[in-house]
Structures are given as C-alpha cells and as structure tokens.
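To begin, one chain is listed below as structure tokens, in the form predicted alone.
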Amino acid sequence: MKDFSDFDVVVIGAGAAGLSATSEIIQKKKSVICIEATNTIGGRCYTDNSIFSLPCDLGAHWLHSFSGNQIAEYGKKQKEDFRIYKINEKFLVYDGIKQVNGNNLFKIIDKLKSLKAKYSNTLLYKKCIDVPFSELIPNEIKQNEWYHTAHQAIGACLEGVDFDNFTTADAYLNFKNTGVGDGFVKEGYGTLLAHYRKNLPVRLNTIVSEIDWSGPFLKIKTNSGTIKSKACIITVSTGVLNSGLINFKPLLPPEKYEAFAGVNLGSYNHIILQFKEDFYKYFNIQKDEYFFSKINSLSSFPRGFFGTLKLHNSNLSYLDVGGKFALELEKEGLKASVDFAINTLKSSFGNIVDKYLIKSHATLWGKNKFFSGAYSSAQPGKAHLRNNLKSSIADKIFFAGEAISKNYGTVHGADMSGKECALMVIETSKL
C-alpha cells in the first residue's frame, strides 16, 4: 500500500459505497486510498462468524431488488463460494397462543401497501404529498386489531421509522426500483460484499476528525496523521455527518447541514436467537418462515417485532425491531432486547422456548457513533433534501452512499452510488 501521504482521491468509509468508489478510481488509474474508522470493511453490511459459529449478518441481510441486484448477480457466478436464492415467502401467524391463518393481518398489510403505492405513484399524482403517512391512513384501518402488527412489519421494520415519521414523498421523489423480489445469501451478505470488493487498499481504524478544504488541496486530519488529496468522497452515514463527528473547515454551506438533519437514519435492529433443531421440528417451522405475533399496543406506535425463523435453514432466527420501539430497546440495552424477544415468543409457543434456546444476541446500531442508526429516511416535509446531499463542494468534496442512491436504504444502491460518484470525481476534478 502507498505511504500515508498524498493521493488523488481519499475515500472516507469502507461500506458498499466507499468500496465501490475505490474500485472505480483504481480502474481509472488514479491514486486512491479508502480509510475506515472501524476495524472491518462493509459498514452496515457485515457478517459475523464468531457469535454463533455460523454466518450472521449483523446489518443488511436482504438482497433487495433481487432480479436487478448487481451484487447478487456477482454472487450467483461464484457457485463454489455462495448459495444465493430468491425468497419463497411462507408465513406463521399467532394471535396470543393461537395459530391463525393470517387473513385478517394480510388484508391490513395489503391495504397499507396500496396506500403507500398510491401516494408514491407519479402517474397518479402530479405534485408531491410530503406529509406523515399516518395522516393518509383511514381510521377504519388504524382501529383494526391487526393494524399495529402490520405497521411494525411494513412500517417500522421496513422504513426504520414509524408511519408518523415516514413520508411517501421520499419514494415519489427519490426512489426507483431496479429489480423485483428479495433474496438471501446463506454465507452472509457481508461476506458476499467483502468478496465482491476484495483486495482494495483500505486503511482500517483510521478516524477522520477534520476536513480542511480552504486551500487548493484537501487536508484530511485523522488519528493516524494528515492526508493531502485533490478530492475526497465521503460515504459515511447522514447520522455521522449530522453528529459533527467530522469537522469541516470552513463550514459547509447551510443546505448541507439541513440535509444531514432532514434525511436522518431510522432505527432497525436484529434480535438473533439460536435454537436447538428440535425447536423447529417441534413447531414444524420451515426454512425462512416469516413469523408474526399479534401486537396489542395502546401507544401510537407498535411495540413488537417482525421475525424470520430458521434463516437459511440454519438454527438462527432473526426477530427484527424498528422505529421508536427499537430506540426504546436500544436505550435499555442488549439484555432488554433479548428478554423482550424471548418473552414474546413464549406468549405464542409457551415456556418451552427456554428449553431449546442456545444463545442470543442483539444489535444496537444507533449506539455506534460511527453509524448512528440503520439506514436513511427523509422526515415528512424533508424529502426534497436528498438532492442537497448529492451536490459536491468546490469540485473537491463529494458525497456517496445509500442515502444518495435512487435505491436508498439498500446495499446495492450504495454500491451504485459509489461508482457514480467516482466517475463524477474523475470528470469534474480533472485528475
């Protein structure tokens, strides 16, 4: 690796966008280094193999837009290393201790999906309706006994925010599907991403404290020294940018800080439980079976989880929490998250759950200062601010990442954003 000194481009952050940008700049024969604050690459897409002695995605694990996902397509060609498949949806629905067919739940889910599609459809609406989605939901839906369960699954656990902090204008203005369906990779999405972007020059444990763009060259101050470069690509989350962890000298234009605050990160965490195989056999639970436990909540937001049982046909189950409830659990800590998940399962399966439990873990993405949350969501009234995220500063400072992608909130979207930004840097900075 080149000495820690001068480069044409410095890429800040070794998530999907940073790795993609670094790869593209190398292909253009320019000098580049990617610096990463943590001790791993992948950012919010990371597979751990130590906790359960099995591949376990602590962050992203859905291969969204499966038919057009370029990372999934890469993995499919690596047949000896990866088992990639489209999800065949199966559902297990409980109302307390009673298993039900789920028809009443799915009716509410379908109605909510239709409303989201309706207000996100540019063919139906010639103007942007940028208000909290909760204001667009009829009371007859909100008062349904399965509303909170549906809200958790396709609101908090999909968007990372509850419906009162979600706007369909975000999709109307900023999102464009590149494929259909969802998929999984048994070896872990983080493992796949690392393989996809292997052998790149990444300097780990390198924390940026200041970017001085006052002169003809950038001076990027880190805990390992100062790097001088002609340009930099910043791929850290909007949560990090809004936190002030990186100081800019001079300050960036006001519209940048407005965008960092307005397109902030939602809350979404995995509560991961490892069971003995007999647990799945006893309840006849199938591979990748979606689990719903009816949420009876008196609050305006749901307190529950959306589960995927027997993930990848392993003995791991992911019980996901999002929105305000995820924030509540984060404040209480890992044990509170695990206890909640186990007690909820007991409400359906009984105390026999304890007999089969081997190990547990919960993620706390909002507490990690190098991420500050899960993935981006524009606040109601702020969807237009994603455009402010994209603009460069003095043809020297550029931004990339999932929050800037037309497939925001996804790994493959971040990957595309990194490539597009790198090409822009090469063109506008005249390297």
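Nothing here was measured: the structure is a model prediction, and the numbers come from that model. In case it trips you up, residue 1 is the first one in the sequence shown, and so on.
Below, we refer to the form predicted in complex with a small molecule, which is not included among the displayed structures.
Proximity of residue 64 to the small molecule in the predicted complex: non-hydrogen atoms within 4.5 Å are present. When the small molecule is considered in the predicted complex, residue 235 lines it closely, a heavy atom lying within 4.5 Å. When the small molecule is considered in the predicted complex, residue 206 lines it closely, a heavy atom lying within 4.5 Å. Although the partner is absent from this view, residue 25 stays clear of the small molecule in the predicted complex, with no non-hydrogen atom inside 4.5 angstroms. The putative spot formed by 14, 43 and 60 is fully lined by the small molecule in the predicted complex; each residue has a non-hydrogen atom within 4.5 angstroms of it.
Put simply, of 32, 383, 362, 37 only one has a heavy atom within 4.5 Å of the small molecule in the predicted complex, and it is 37.
The partner is absent here; in the predicted complex, the one residue of 345, 150, 84, 240 having a heavy atom within 4.5 Å of the small molecule is 240. Of the candidate stretches 136-144, 350-358, 267-275, 101-109, only 267-275 contains residues with a heavy atom within 4.5 Å of the small molecule in the predicted complex.
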